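Just one chain follows, in the form predicted on its own, and it is written as structure tokens.
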């Protein structure tokens, strides 16, 4: 089963945008996320609608951050992406006639609900600024070792 990695990819792009001045084209961001620029424009448009980024048209234009990173959580970005499914697991059938399967579904439904609530809560505790701080610490360690942000 293919994982939905949009949240990870968008967070990656947003942190790169926070580290460097100037606008980023959809093409540049698409390369960073290993996807098509059309996909980037669609994702970034959703982020723009919520005020996280802004777009500048014309020569030298592109996408820029438009938010305070200390006020935007991972959950905010997750929600901006349309709240994709958090768990890949589910019940075999949603309305089983078998009493055993009903008992299984009830237990799994509660476990899935609890897991999603915990994950959403944790995503709400981590801001983009916190990710940026972690990145800068890691970068500092790498610089001491003579390495760059993207590998050796």
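Numbering follows the first chain given and starts at 1. All values reported here derive from a predicted model rather than from experimental measurement.
There is another form of the same protein, the form predicted together with the DNA; it is not shown, and what comes next is about it.
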- prompt: Applying a 4.5 Å heavy atom distance criterion, does residue 118 contact the DNA in the predicted complex?
  reply: no
message: Under a 4.5 Å heavy atom criterion, is residue 42 part of the interface with the DNA in the predicted complex?
response: yes
- prompt: With the partner left out of view, is residue 127 within 4.5 angstroms of the DNA in the predicted complex by any non-hydrogen atom?
  reply: no
query: Quick one: is residue 31 in contact with the DNA in the predicted complex, heavy atoms, 4.5 Å cut-off?
result: no
message: So if I measure heavy atom distances to the DNA in the predicted complex, which of the stretches 119-127, 34-42, 103-111, 66-74 falls within 4.5 Å?
response: 34-42
- line: Those residues of 37-71 with a non-hydrogen atom no more than 4.5 Å from the DNA in the predicted complex are 38, 39, 41, 42, 48, 55, 56, 57, 58, 59, 61, 62, 63
